[in-house]
Ligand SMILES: Nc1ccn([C@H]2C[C@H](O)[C@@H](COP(=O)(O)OP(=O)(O)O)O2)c(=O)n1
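In the block that follows, a single chain appears as structure tokens, in the form predicted on its own.
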Amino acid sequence: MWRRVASLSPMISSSSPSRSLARNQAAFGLNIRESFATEISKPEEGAKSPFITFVLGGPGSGKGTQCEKIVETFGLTHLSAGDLLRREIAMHTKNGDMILNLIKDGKIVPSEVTVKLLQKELESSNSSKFLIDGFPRTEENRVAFERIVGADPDVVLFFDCPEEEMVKRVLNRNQGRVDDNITTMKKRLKIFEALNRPVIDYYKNKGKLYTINAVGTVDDIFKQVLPIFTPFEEQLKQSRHVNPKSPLVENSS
């Protein structure tokens, strides 16, 4: 889908909620960068760029359920950066062992590593429309994706939910980690806010961010999502794997 045209992209400094994270990243950035020399890709001349939706939201925001409904309705191919990293670990690849060791040591997996995995999925897929769940988490993620993949998202959804509601959902519905409690959840949410807010603000300023009130029933929340894709009706209908029950199809008759 894209032509590889350049060499290693530089490591971009990320905003971090703690100095220890920044030190870890700086200390290990050079070695990881050398190991994962990612080429910058640009769309081939005359080739169509993929339709890309980023979905953002903190733990307990309900974005996972909404992602399932979006994929089912519009036929987008679902990609999760976290799932791709976990798959590398589960397959015991050389990269997976490195990723696991970084995580065990409390270090951040460099953006180039994550973006390279996403890029591989984008380039190898027969689909031309994608939903990327929980990404980009940081400004470094965002910049690396745009530089390496050479594509901007068409839509960025942000599921905005009060902290108390997210804590309640995770703790009461067993959606989080086994060791989650009120203290750890509030810490996770604080880290999410510190890392993700610059990304949210960036896409808001570019006019690509759609903020969803994530309080209410699944169907009520999804009613806010549906109109967002209306301007992209023709582009989505021309892509493969459109659900025949999709509102886009029903409205076209």
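We call the rigid core whatever largest set of C-alpha positions still superposes within 1.5 Å between the two forms. Just count from 1 along the sequence shown to find any residue number. Computed from a predicted structure; not experimentally measured.
In what follows, reference is made to the form predicted together with the ligand, a form of this protein that is not presented.
- Listed stretches are 121-129, 90-98, 75-83, 148-156; the contact stretch with the ligand in the predicted bound form is 75-83, by a heavy atom cutoff of 4.5 Å.
- Using a 4.5 angstroms limit between non-hydrogen atoms, residue 117 is distant from the ligand in the predicted bound form.
- Within this chain, residue 144 is remote from the site of the ligand in the predicted bound form, having no heavy atom within 4.5 Å.
- Contact between residue 182 and the ligand in the predicted bound form is not found at the 4.5 Å heavy atom cutoff.
- The ligand is not shown here, but in the predicted bound form it comes within 4.5 Å of a heavy atom of residue 188.
- Using a 4.5 Å cut-off on any heavy atom, the residues of 134-158 that reach the ligand in the predicted bound form are, in sequence order, 134, 135, 137, 141.
- Put the two forms on the same core and the Cα of residue 100 is off by 2 Å or more between this form and the one not shown.
- With the core held fixed, residue 89 shows a CA shift of 2 Å or greater between this form and the one not shown.
- Fitting the two forms on the rigid core leaves the C-alpha of residue 109 displaced by at least 2 angstroms between this form and the one not shown.
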